[in-house]
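A lone chain, given as structure tokens: the form predicted alone.
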Amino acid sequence: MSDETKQEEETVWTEELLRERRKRAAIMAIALLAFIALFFWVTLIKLGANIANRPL
């Protein structure tokens, strides 16, 4: 490939594209945190009653 072809294929990051990328990243971070919180909550609910009944 020539240098001209490589330059044409490179994405030019405009402010609008960067803004959209940051927005998607923020949405994914919120979704990931919600998923982690859901797992934590379900684990506490499932184990909560059993922990109280265990022998010490």
Partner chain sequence: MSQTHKETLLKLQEPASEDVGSAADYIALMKPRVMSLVVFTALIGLVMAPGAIHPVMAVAAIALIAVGAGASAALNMWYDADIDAVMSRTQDRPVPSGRVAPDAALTFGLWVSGLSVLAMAVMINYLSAALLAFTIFFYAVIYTMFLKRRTAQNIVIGGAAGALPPVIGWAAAANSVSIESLIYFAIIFFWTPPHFWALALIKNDDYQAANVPMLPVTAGVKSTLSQIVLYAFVLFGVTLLPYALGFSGLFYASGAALLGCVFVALCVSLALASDKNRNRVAGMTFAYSIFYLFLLFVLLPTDRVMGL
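In this text the structure is predicted, and so the values were computed from the model without any measurement. Numbering follows the first chain given and starts at 1.
Beyond what is shown, the protein has a form predicted together with the partner chain; the following relates to that form.
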- request: Give a yes/no on whether L17 approaches the partner chain to within 4.5 Å in the predicted bound form, heavy atoms considered.
  value: yes
message: I'd like to check something about A29: if you look in the predicted bound form, is any of its heavy atoms closer than or equal to 4.5 Å to a heavy atom of the partner chain?
response: no
- prompt: Is L38 a contact residue for the partner chain in the predicted bound form, using a 4.5 Å heavy atom cut-off?
  reply: yes
field: Close approach of V42 to the partner chain in the predicted bound form, 4.5 Å, heavy atom
entry: yes
